[in-house]
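Starting off, we have a lone chain in the form predicted alone, written out as structure tokens.
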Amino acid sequence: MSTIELLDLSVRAGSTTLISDVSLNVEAGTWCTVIGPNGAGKTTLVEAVAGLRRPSEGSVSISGEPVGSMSERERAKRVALVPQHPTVPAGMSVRDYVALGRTAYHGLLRAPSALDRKTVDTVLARLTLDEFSHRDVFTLSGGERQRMVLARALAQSTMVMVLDEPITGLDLRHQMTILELLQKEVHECGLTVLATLHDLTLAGQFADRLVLLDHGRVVLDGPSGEVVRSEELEACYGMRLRVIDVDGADVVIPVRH
């Protein structure tokens, strides 16, 4: 069953077309990563799935229900978003920030339930943030803060998560930590992930499937190993790429002219 379905999706901003005639199905419990050069439309696509952009044409559905017909509260129970540049309020503890992910369930005027508190506790422990739970969010390192943003999204208890460049600005160790945490959620909890990534090597290693986007259109959609070794990938990036096998994983290396 397709958890995320895009049908003939087009998104325009004024006279500029950002996404054009994109059709895409993401199966439940799988990880799909959208790749492509700057300006390809990757962020627009994930924002459309999260309900932050309205389609100019076509549709976006989550588990068969059109995203555009959902209220903001209903949407927050269906799909969680990890943006590229999340807003983190000043003077808030890590626990209170993660607890914002439960707002859709109890509203702004009612106190969190026992289930809400238990969910937050579980997510904090799962992402090894429990020891930081009472610290101010601005005292965290970049990697800790990114884990906190992911924790808030997981606290929403959705079966779909969309992430826009979730490892931007992180060092290699923290990049791997975030991606491994997500992969664990996919394998153990059946989470459906739609992400964008610039790093082609990491995109290929963690995603079940890659969608190559360029100028707002899908150029190639298939298993990760096939896409990273395709001629279309080189053409879209306008450069030679060499793919080598390192311990069973594809490593993508740009080749200088």
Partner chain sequence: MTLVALATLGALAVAVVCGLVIGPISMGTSRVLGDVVSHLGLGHSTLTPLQSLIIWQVRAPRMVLGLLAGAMLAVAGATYQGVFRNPLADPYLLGVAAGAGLGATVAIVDLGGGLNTPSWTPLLAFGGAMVAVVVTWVIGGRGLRSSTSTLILAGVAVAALFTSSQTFLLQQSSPNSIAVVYIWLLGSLASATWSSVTLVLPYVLVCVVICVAAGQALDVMSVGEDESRSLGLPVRRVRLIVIAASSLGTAAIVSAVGLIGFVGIIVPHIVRLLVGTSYRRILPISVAFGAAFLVFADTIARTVMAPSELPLGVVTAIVGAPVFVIILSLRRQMVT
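The shown structure was predicted, so the numbers you read here are calculated from the model rather than taken from an experiment. Residue numbers count along the first chain shown, from 1.
Keep in mind that the form predicted together with the partner chain is not shown, yet the notes after this line are about it.
Gly51 belongs to the set of residues with a heavy atom inside 4.5 Å of the partner chain in the predicted complex. Remark: Ala125 does not count among the residues lining the partner chain in the predicted complex, judged by a heavy atom distance of 4.5 Å or less. For Arg152, a non-hydrogen atom is located within 4.5 Å of the partner chain in the predicted complex, even though that partner is not displayed. Though the partner is left out of this view, Val186 does not reach within 4.5 Å of the partner chain in the predicted complex, counting heavy atoms only. Shown alone, this chain has one stretch from 139 to 147, 125 to 133, 167 to 175, 94 to 102 that lies within 4.5 Å of the partner chain in the predicted complex by heavy atoms: 94 to 102. Contact check for Leu9, Arg12 and Leu24: none of the three has a heavy atom within 4.5 Å of the partner chain in the predicted complex.
In terms of contact with the partner chain in the predicted complex, the residue from Ala76, Val160, Val120, Leu179 that brings a heavy atom within 4.5 Å is Ala76. Looking at 82 to 97, the residues that come within 4.5 Å of the partner chain in the predicted complex, counting any heavy atom, are Pro83, His85, Pro86, Thr87, Pro89, Ala90, Gly91, Met92, Tyr97.
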